[in-house]
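The chain that follows stands alone, in the form predicted on its own, written as structure tokens.
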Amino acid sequence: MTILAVLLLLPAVLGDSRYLFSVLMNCMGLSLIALGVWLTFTIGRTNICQAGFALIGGYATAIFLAHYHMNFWLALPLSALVAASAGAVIGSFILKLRGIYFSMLTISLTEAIRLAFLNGGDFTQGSRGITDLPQPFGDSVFGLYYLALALLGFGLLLTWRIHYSRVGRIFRAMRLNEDLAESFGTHVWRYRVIAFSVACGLGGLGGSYFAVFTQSIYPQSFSVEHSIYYMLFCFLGGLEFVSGGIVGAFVLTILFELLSQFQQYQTLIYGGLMIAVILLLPNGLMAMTLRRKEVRA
């Protein structure tokens, strides 16, 4: 929760720097989507289709706003609900798979969702996407910033509450041994679908935010590459920590921005640093806080 408090007070320090605000808003949106990936990890599944559900949420918001002229505050939760419902339906079939088979299928699913919107005709505007979406706060960057912060706070609170509840304990038991959990009377299939649908709902919520943040949505707005990044955010931050995906998203996104001065070497340096961190800190950046506590003790 410390990071939320810092983000709440940052606007007083940043002044009117639109660039810094846009970087932080991007970080918060990515963190929200990554929370869903982290939640899927808790049931022992590697989710590489989160970008597909972010795309569903983004397009749902764009269609509600552009085609039906719906109020944004109604379109936002409805878009998350659409993504969560799609996740529940799709998850009821694909969650029977495990390991590499599930991961490979989710990669294909992301591409299938992208192609569906690409070939959606006039309804999705094909490769042109849906543009000129109205922003709920007009030209106010502060409004969008605090909206991103509120959504991130909601996502973190929801994920934290699930993780430390009875449902969260069942998720962790399933990750360790699904067969053993089922032998104790746990309806494993039902809990898999619940976890996946909530994760997809968070992805849809993040996609909805990005649609109004950029005032547009395209089939290429979220791709397999983005899904891999969401997964890396969780690995880098730490899979054992609820806020691991948030820390990873902020660190990697800001690092990439700082390396922009190296131009054509930006991606190479970025990849090298990321590999080094993962090798040196296999349990994630958040594990450093535990080490410090142990040293103090």
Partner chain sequence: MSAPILEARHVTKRFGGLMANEDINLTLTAPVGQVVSVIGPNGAGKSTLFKMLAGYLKPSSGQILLHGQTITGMSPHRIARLGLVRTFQETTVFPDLTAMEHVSLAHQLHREAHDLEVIFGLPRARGDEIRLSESAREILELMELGAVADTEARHLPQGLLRLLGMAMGLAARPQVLLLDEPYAGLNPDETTRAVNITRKVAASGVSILLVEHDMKAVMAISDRIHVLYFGKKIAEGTPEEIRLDPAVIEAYLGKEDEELGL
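Model, not experiment: these values are computed from the prediction. Numbering follows the first chain given and starts at 1.
FYI, the form predicted in complex with its partner chain isn't displayed, but the following is about it.
**Q** Within a 4.5 Å heavy atom cut-off, is residue 137 in contact with its partner chain in the model of the complex?
**A** Looking in the model of the complex, residue contacts with its partner chain do not include residue 137, since no heavy atom lies within 4.5 Å.
**Q** Look up in the model of the complex whether residue 127 has a non-hydrogen atom within 4.5 angstroms of its partner chain, and give yes or no.
**A** Taking the distances in the model of the complex, the answer for residue 127 is no, it never comes within 4.5 Å of its partner chain.
**Q** Evaluate residue 182 for contact with its partner chain in the model of the complex, applying a 4.5 angstroms cut-off between non-hydrogen atoms, and reply yes or no.
**A** Yes, residue 182 lies within 4.5 Å of its partner chain in the model of the complex.
**Q** Is there any non-hydrogen atom of residue 112 lying within 4.5 Å of its partner chain in the model of the complex?
**A** Output for residue 112 is no: heavy atoms all beyond 4.5 Å of its partner chain.
**Q** Would you point out which of 218 to 226, 182 to 190, 145 to 153, 82 to 90 contains residues with a non-hydrogen atom within 4.5 Å of its partner chain in the model of the complex?
**A** Stretch with heavy atoms near the partner: 182 to 190.
**Q** Out of 118, 158, 107, 97, which one falls within 4.5 Å of its partner chain in the model of the complex, going by heavy atoms?
**A** None of the other options qualify; the answer is 158.
**Q** Checking a candidate spot here: are 162, 165 and 176 all in contact with its partner chain in the model of the complex (at least one heavy atom each within 4.5 Å)?
**A** Checking in the model of the complex: 162, 165 and 176 are all within 4.5 Å of its partner chain.
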